[in-house]
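This document starts with one chain, in the form predicted alone, laid out as structure tokens.
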Amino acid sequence: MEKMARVTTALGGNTITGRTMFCHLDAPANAISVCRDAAQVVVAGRNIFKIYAIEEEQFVEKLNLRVGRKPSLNFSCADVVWHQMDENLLATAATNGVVVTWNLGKPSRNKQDQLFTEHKRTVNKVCFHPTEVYMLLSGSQDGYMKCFDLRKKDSVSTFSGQSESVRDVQFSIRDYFTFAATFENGNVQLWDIRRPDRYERMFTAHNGPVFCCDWHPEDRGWLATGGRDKMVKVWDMNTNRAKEIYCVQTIASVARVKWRPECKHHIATCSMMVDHNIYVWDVRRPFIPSAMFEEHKDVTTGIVWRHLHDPYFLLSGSKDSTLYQHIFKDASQPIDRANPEGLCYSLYGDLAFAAKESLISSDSNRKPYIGDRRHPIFFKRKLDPTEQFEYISSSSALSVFETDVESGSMDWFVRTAKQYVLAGRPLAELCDHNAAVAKELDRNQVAQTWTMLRIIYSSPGTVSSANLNHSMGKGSASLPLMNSFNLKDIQSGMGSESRLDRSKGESRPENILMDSSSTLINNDENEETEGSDVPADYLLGDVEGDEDELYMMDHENPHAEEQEYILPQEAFPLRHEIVDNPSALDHLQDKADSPHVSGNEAETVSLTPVESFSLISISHSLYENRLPPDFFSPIVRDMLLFYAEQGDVQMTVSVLIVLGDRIRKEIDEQTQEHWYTSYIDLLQRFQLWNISNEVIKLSTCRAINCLNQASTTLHINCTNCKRPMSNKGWICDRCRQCASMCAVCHHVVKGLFVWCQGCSHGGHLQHIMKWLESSSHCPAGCGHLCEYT
């Protein structure tokens, strides 16, 4: 897909003409560089090292620098740079740690000139001095930077960054002696080539590795950096401390940054992974790119503007084995596809709405928001006539609707997170405690849920009636038990039928089978009395156990006019008729003669012969037939999904942790990970760091468990000699000094040690905090401006 737009640029005596075009390469490219007159481009990679002529209609291969039957690793290039003062001079960074220079003026096929083998690991970047012909700088994975004089065989200076890896080095365009270096620990250092013993300035630029940097071609003090944190930052180096003046948030790690010529605020970027496009940003409007090139099908590895004074031609190489020339007029404009309206909620419920001012002002019938408790706040940004933004057609208006502070309070979330107990106790205690916390905060549904979870998953003996009645509420009646019948109402006699009075008000203490001290059921694990509120399964069956456990019968005051009670057939099948059992009656008679039987009891059991009778009893223990917890797993899963849909991930994650393996298998791993991530994000927004870390530790999801195990390695330098410390102890191997000396009290720190990432000095936490309250300079006297955050 080639676009036919053609651009002609006049640069002094030269004229650059071209269109959007590409050519296929033999292998993926790692880096590209263009010569001074913008007529040729060199492409370097692991298996390619060629020079192409940039003609008006196409790329034409001019020279293949990989010569020989078995090319060595010196041809495997991680970076390439073309000298802007000498059109015949090239330098490459090899993956085997060798820095190679190439002289295109040699008459032989092999153009290799010099080899520098001082680096021990892969060289990531090489850079020529912009005005000095023979000065070359390199940065390596071994943490060192070396300055070479091409007239000598060895390096003339070595700079130690005291870090793992140097990712980029760039000479300042305006300052002859200064160069910048970026590192994997997030730091950026500024060095003077005349002083290789110590950097001039260091600051932390990114949260993670800094992959690239670029000095502004016009403004002497502007330095752009890009890192793995997906940000491009512009720093003003003219002040005493590096000041961040612009920040662009991208969608992927930033691999390359290049300022656009003749456009002070424009910068081009490409990504190291995921995103294949090339973006040109206006740093004053960092939220959407001003231009985008979408031609590459794989990761873009190198970008360069074709000429130092031409803002319309951009060259790029990619892992898709293509070399492109992009014309700025052919770039797509993301602003054309962007939604002109925006809607967003703040953490505390405030609603912001942004739209073009023309849309808002044209709607004369627009009514104010009904739920607004205050007048909306309007912000309008008028056009600046000095800014040349072609894609801006109108000013914008932002409306903010603020919610009531009381209604939007999230105190309940914070208090719940702090008071919940998720581990370290039996399940029943965890559920009881969390239910009490929820009830105290008037979250009755959540409290009821915790109580039900206890009933389902706890062992039967641990459920108390007090807790159940407390969770049900005082106004609810206790659960009825089958044994709470009026025993006087069960009539039995010769040829008589059992009668049951179902009235509610005739129960008297003397008519109840047993008092609070008597036992209905003998169970090794659990003893429940008549008044227990525990729900159970009740069975009707044959008489079992001793006669003491049977319902007693009384013939006094028979109710002849009472309607006969018939057992409903739909509840259970009718009993067969029980035949006479003289032995049982004899046993009752013997019991009546016993001296241990009271007079009332003897009177009760002195029965005339009964032809037949039917008794009600509980044939099994109260909990023997309860349903297994697995039976409720689908219900618990639906409950978790319900809370998640309501947005209460706190309840969802808390139940997941408390129940553990009991419910984990019911919910897929991806859903669990989403819940955990959402809850951890909320905890961190409220700065509940310890609770967040505890949730990560207790997580049942493997993807979450590793969150607090990343970036746990600390690279420590000796405060005396500034060399990296070994992992053997706190004594430096080089200067034999203790590294953990407090810069304030000058004693060894044996507890919590805090140090400055800029100068490596530190000490006791309390001492450093007290020092920085009155002074911003390092207490060790190194002159560094330290800051405790």
Partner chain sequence: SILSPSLPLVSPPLTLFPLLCELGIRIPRPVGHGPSRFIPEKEILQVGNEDAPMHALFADSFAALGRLDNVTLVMVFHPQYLESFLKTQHYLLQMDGPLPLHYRHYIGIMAAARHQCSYLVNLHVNDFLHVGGDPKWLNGLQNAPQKLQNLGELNKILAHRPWLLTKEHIEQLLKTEEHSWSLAELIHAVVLLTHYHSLASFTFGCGISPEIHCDGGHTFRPPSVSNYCICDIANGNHGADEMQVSPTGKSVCEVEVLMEKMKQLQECRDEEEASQEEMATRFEREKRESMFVCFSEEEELAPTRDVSRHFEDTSYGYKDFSRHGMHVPTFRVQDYSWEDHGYSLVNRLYPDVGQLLDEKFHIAYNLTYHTMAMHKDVDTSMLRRAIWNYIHCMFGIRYDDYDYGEINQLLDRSFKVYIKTVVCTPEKTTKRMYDSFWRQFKQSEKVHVNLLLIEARMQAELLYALRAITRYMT
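Positions refer to the first chain, counted from 1. As the structure is a prediction and not an experimental result, all values here were calculated from the model.
Absent from the display: the form predicted in complex with the partner chain. The rest refers to it.
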The one residue among Arg443, His276, Arg220, Arg637 placing a heavy atom within 4.5 Å of the partner chain in the model of the complex is His276
Please pick, from Arg241, Arg151, Arg195, Lys297, the one residue with any non-hydrogen atom lying within 4.5 angstroms of the partner chain in the model of the complex.
Lys297
Honest question, do Arg46, Asn74 and Ser253 all end up within 4.5 Å of the partner chain in the model of the complex by heavy atom distance?
yes
Is Arg167 part of the interface with the partner chain in the model of the complex - any heavy atom within 4.5 Å?
yes
Given that the partner chain is not shown alongside this chain, does Arg662 nevertheless sit within 4.5 Å of it in the model of the complex, heavy atom to heavy atom?
no
Non-hydrogen atom contact Lys418 with the partner chain in the model of the complex at 4.5 angstroms:
no
So, Arg260 and the partner chain: in the model of the complex, are they within 4.5 Å at any heavy atom pair?
no
Just to confirm the contact call: exactly one of 121 to 129, 99 to 107, 241 to 249, 680 to 688 touches the partner chain in the model of the complex at a 4.5 Å heavy atom cutoff, so which is it?
121 to 129
Residues from 307 to 334 in contact with the partner chain (non-hydrogen atom within 4.5 Å) in the model of the complex
Lys319
